[in-house]
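Single chain ahead, by itself, as structure tokens, in the form predicted alone.
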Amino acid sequence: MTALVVVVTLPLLAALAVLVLPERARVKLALGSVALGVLAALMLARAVWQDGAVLLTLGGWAPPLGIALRADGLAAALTLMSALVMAAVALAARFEMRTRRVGARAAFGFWPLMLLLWGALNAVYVSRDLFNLYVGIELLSLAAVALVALSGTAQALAAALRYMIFALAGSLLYLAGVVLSYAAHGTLDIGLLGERIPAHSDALALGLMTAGLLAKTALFPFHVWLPTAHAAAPAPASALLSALVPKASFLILIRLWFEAMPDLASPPAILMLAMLGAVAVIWGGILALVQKRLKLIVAYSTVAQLGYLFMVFPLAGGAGSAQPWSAGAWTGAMFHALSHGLAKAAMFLAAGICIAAVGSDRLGDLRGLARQLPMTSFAFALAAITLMGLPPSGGFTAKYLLMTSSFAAGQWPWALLLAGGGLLAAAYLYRPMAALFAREARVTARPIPRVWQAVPLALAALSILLGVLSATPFDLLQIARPEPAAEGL
């Protein structure tokens, strides 16, 4: 319970503290807070592993009068993954977000915004109240929009404005659904909503909340804000926007569909979510193939990779009877969320190092850079293995679970999509790797500290280890999972 309190409150308190400190002390406090946050996340995962879900009722008042925080296996896994990504981003930002590199404005604003975003993420992971989740994703969106606009250039401000429009529209839709749900049932607690007597307005409430969350998750066709935001933001901010921010809204979708209102998962609704995910995989992969800048390739890869998460909906059913393959599909989607978070953060941090070394992320300027930045290039290659779903990575484990579930369910088209998406990923990731490992170097790189280069390499290695040592995270994800995740929607 102490670890649960720390992971929620520590980032928020640290964000306030760094505002009043000079640069050197600000960075030290942020790094120290991140280190404590990683320790707290490890303690929380250990507590969940040993004793099951950790529950905290604020003020001792149980829902519906009070508010409950609960860390199940999924929340503990996401909290730990986010803490590791935050630690890597903070270490990289120590080099990349210095005043002499990015200016006083960006150097000052990055640290409190990073910590606020982290606190909002952790709050979303453990919240069980729909309005608290709204507050969490609002704080998350505000911090993310500000990170995009951090440089203050016209391109950054335009990208941040587009992001803000989508985020606000998504928030309004979600809040409208929350209001309808409360009017019908008098509670916003997810557990109590799962025991509710169905009302006529439930389908509309779930539809509104789902539409709003799809916009925040950047699922096709609501993805248009994401590539421009990544292109404009500093690389550490891009790592957060891609690896972590969409996972929060996706987690709320999982809570809604698998815990609060699983009875509303009709076959047409499930098929619609699945088709949007399928188009995202194909469309994002095709657009990534034609980009000439490294960050845009990785950004459109995010559009494609997020589509895989929505394969959990068709493979979890909607047939109204027990489906033994649902557990594998649900776990595979969650595995993909974890492996994608580690690998995509590693890719963006590696892209930031390439930009710092040659002053550009155009593929032509990156030719032969592996000779001068071997650790960074190897980190990018390891992350690519995960995103392509090759063994022995965490991405392979995720796709294996999803594909076996699709065959068990007799839904082989989704297996073809997973295989085709992997081939598309191999095609668009081959282009930057071919440039990095080319024989001739076009530009002489500036020297980059090895400590900085080791950061994305460590994250990429973790994404591989997630597959090699998959038994422990697999078992952790099963702790207190919702019943429809095991039996089907």
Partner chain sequence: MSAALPVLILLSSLIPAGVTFFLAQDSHRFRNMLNLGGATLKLGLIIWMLRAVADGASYEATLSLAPGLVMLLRVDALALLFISLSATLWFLTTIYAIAYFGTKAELSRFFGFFSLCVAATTGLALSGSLISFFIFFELLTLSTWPLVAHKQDKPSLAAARVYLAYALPGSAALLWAIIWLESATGPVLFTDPPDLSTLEPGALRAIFVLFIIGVGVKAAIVPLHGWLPTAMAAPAPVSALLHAVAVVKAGAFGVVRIIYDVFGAANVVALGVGLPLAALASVTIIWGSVRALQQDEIKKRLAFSTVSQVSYIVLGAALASPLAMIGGLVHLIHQGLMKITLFFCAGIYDERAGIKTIAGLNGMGARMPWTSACFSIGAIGMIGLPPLAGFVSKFYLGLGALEAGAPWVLGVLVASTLLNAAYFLPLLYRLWFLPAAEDTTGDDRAPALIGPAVVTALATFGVGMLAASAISPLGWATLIVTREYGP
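Numbering follows the first chain given and starts at 1. All figures in this text were calculated on a predicted structure; none of them were measured in a lab.
Quick note: we don't show the form predicted together with the partner chain, though the next part is all about it.
- Interface membership of L31, defined by any non-hydrogen atom within 4.5 Å of the partner chain in the predicted bound form, is ruled out.
- At a distance threshold of 4.5 angstroms between non-hydrogen atoms, M403 is in contact with the partner chain in the predicted bound form.
- Contact between P391 and the partner chain in the predicted bound form is found at the 4.5 Å heavy atom cutoff.
- Contact annotation: A408 falls within 4.5 Å of the partner chain in the predicted bound form, judged by heavy atom distances.
- Just one of R98, R362, R196, R371 comes within 4.5 Å of the partner chain in the predicted bound form, counting any heavy atom, and that one is R371.
- Residue-level contacts in the predicted bound form: of A356, L273, L206, I385, one residue has a heavy atom within 4.5 Å of the partner chain, and it is I385.
- Heavy atoms of no residue among F220, W225 and I286 are located within 4.5 Å of the partner chain in the predicted bound form.
- Only one of 229-237, 263-271, 411-419, 338-346 places residue heavy atoms within 4.5 angstroms of the partner chain in the predicted bound form, namely 411-419.
- Shown here without the partner chain, the chain has G467, V468, S470, A471, F474 in 457-480 lying with a heavy atom within 4.5 Å of that partner in the predicted bound form.
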